[in-house]
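First, one chain by itself in structure tokens, the form predicted on its own.
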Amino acid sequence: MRDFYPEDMKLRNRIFDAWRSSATASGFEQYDACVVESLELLQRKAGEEIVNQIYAFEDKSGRNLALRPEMTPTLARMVAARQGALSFPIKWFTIAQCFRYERMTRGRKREHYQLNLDIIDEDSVAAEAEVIYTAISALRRMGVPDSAYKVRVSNRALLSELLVSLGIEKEFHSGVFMALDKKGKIPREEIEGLMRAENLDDSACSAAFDLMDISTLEDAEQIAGESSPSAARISELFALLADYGVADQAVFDISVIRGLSYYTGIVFEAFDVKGEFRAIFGGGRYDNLLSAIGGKPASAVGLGFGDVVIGEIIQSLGLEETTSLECVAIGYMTDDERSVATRLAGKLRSEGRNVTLQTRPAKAKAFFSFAGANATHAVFIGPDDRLSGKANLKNLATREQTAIDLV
């Protein structure tokens, strides 16, 4: 888990600011919840890898609790609790801190923050288009070029149609999805073992692997049939993304499955084009989760966008902020100047300027060394300045000076 020093917060704030401004610009309303959740709620998806990564504990009252590993079950709980009073469809977002006990690798920590975008009670693919566009908008606000990544789109319902065409019954699909999602993460033999555990024979396993080699939506339609409703939804989504002006960012990729079993339709993941990092963001349609926790059935689309991978990408592309927010450093030579320096700091702050005030006397050299590391402008007040009632405001980048009245 991480500590964030001031230099680390600059990058974190840049990411959070882009998330918040993009979500707000797209009309999402912000919500939040406690990081502690009922263990029972989080264990509803038994068999998934995430269940084994939960930080679980028993409190002093004997309740089984956990630190949330993701936000979607909490959102579903909150919506179900007020489902009769909410005006649907709803568009909500949050910046959630999540915890997973897992092996740490590049792009993966045991604690992370993530933007969650969710639209609930919207059946059309306009919901998928909206969350994908908003995530792309956030990347643009961070300065990440469009050429640096692609959003890979698939449809679990389409993959289910393809499995049926191979003679694999629907009751086995969930297990096959979970197994195929591990392609590239564990050896093929282990994946086949997982599928055999779902009662698939060798030929079915081989056929399922062959499906992962489908490269175009047209190829998938030839197998599933040109009248495939699942393929049609993907085509409709691509058309909407074109209307948003982000069509070049999306590509069809049948191998995108997503490891969480509650996904029911279109799924998507964004990756850097060089393939050096884990997924930047991902999500999809989950139409059964609300009813699974006791709410009324409602369609939903969600997206999760973590801070760890995008932070590494920003750094790898050399996109770190090179300029700081404007800030004025004020220092003084002796205790006699402290009062006038404090009054000047108060005046500038009341005018809306950022001011860092040194809290002890200092020599000019020491003060300007401090100012150079923490501010864009500086005012150093000595005895002569105090007596004249004026000092110089220095631009530390250009070295230009302008007179400023002391108060």
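Just so it is clear, the structure is predicted and the values come from calculations on it, not from any experiment. Don't overthink the numbering: it's just position in the shown sequence, from 1.
The same protein also exists as the form predicted in complex with a further copy of the same chain; that form is not shown, yet it is the one meant from here on.
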Do H377 and a further copy of the same chain share at least one heavy atom pair within 4.5 Å in the predicted bound form?
no
L393: touches a further copy of the same chain in the predicted bound form, heavy atom cutoff 4.5 angstroms
no
a further copy of the same chain contact in the predicted bound form: R156, any heavy atom under 4.5 Å
no
Answer for R82 alone: is it within 4.5 Å of a further copy of the same chain in the predicted bound form, judged on heavy atom distances?
yes
Just to confirm, with a 4.5 Å cut-off on non-hydrogen atoms, which of P229, G193, P89, G143 contacts a further copy of the same chain in the predicted bound form?
P89
Counting any heavy atom within 4.5 Å as contact, can you tell me which stretch out of 162-170, 275-283, 118-126, 204-212 lines a further copy of the same chain in the predicted bound form?
118-126
Going by a further copy of the same chain in the predicted bound form, which residues of 218-246 come within 4.5 Å of it through any heavy atom?
E236, L240, D243, Y244
